[in-house]
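Okay, so here's just one chain, in structure tokens, the form predicted on its own.
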């Protein structure tokens, strides 16, 4: 019995076009948007042949440091000294001194023995999980709402992937029971979740992991610079020390680069077995120079995190009073949950007409029926920016 011949090149191209058409038909098609701005509270977007300046509510520049002169000077100095690129992976040709300086500063700031810098936060999570789960006898137990980088890291590892219901301690305990025979168990959570802005019950999770002999990895990407003493994150606020912390310099620190912090032995394990670190070119030097300067700003401007909290509370309280479906919280991530994709896209478009940039968040980023605007307040927004946003959403709520 003969086999059918493999599809031709033309047939395969048709299949790929059909896949893209199916994405578009489902309303999930995404397009790149080019903006013309230097970072900060506003973006310039070209639409219908016209350039418009919009207030940007989609940035993770929580502390408004992307346009800060101190941070820009830090990037400029590193650029002049080390050049525009790192040119190779750090284990191949070594890394510029600015990378090591940033690692040392971060380790001191976070109160850990060691820190490793990767090119992105995505790579930090991938490298850490591959290193922790190099053997098939390892169980990786992830919160269902963990970031895609954590799930991708788990899939790249040799470990068995288990999930527990979001922030559900009973279900986490059940998964720990299920995996008792595993040689190593690693619980993976975020301290602040990126789409809802809610916090993990970290103290209880940490206690459960210690009781059951499981390792704990906490992604603090959206907590550093936002929560805790001097912005050191939710772990520092609660006084807990997980086995590893991952984060990124691309949000509150207004730069670029992933962070892996913990005991020296665990970090060195990532250096030696974390493929995303080993086989990636090091970050550009300017990013590390900017991140060091951002840490200086956090150290010297004691009221920065408090200003962010006050601004976030103002917007969240006002939108809840208007009747929008906005969960309670204390972070600058303020989800305005709409439901359907068409409705969320329409609301985003109307806000854009009113001068505000707040793209709709749709599946697969959020579950079906949970489409939303993810309003992100930063310390760079002015009081007038916030009041105009509140007024615009209030008018749309009444329409």
Ligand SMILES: Cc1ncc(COP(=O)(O)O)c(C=O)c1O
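The structure displayed is predicted, hence computed values, not measured ones. Positions refer to the first chain, counted from 1.
Omitted from view is the form predicted in complex with the ligand, to which the following refers.
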Note: the ligand not shown here; in the predicted bound form, the stretch from 174-182, 69-77, 189-197, 285-293 having heavy atoms within 4.5 Å of it is 189-197
Option touching the ligand, based on a heavy atom within 4.5 Å in the predicted bound form, out of 167, 120, 112, 138
120
Looking at 206, 105, 251, 90, which is the one with a non-hydrogen atom within 4.5 Å of the ligand in the predicted bound form?
251
Within a 4.5 Å heavy atom cut-off, is residue 312 in contact with the ligand in the predicted bound form?
no
Give a yes or no for residue 157: in the predicted bound form, does one of its heavy atoms lie within 4.5 Å of a heavy atom belonging to the ligand?
no
Answer yes if any heavy atom of residue 221 is within 4.5 Å of a heavy atom of the ligand in the predicted bound form; otherwise answer no.
yes
Does at least one non-hydrogen atom of residue 147 fall within 4.5 angstroms of the ligand in the predicted bound form?
yes
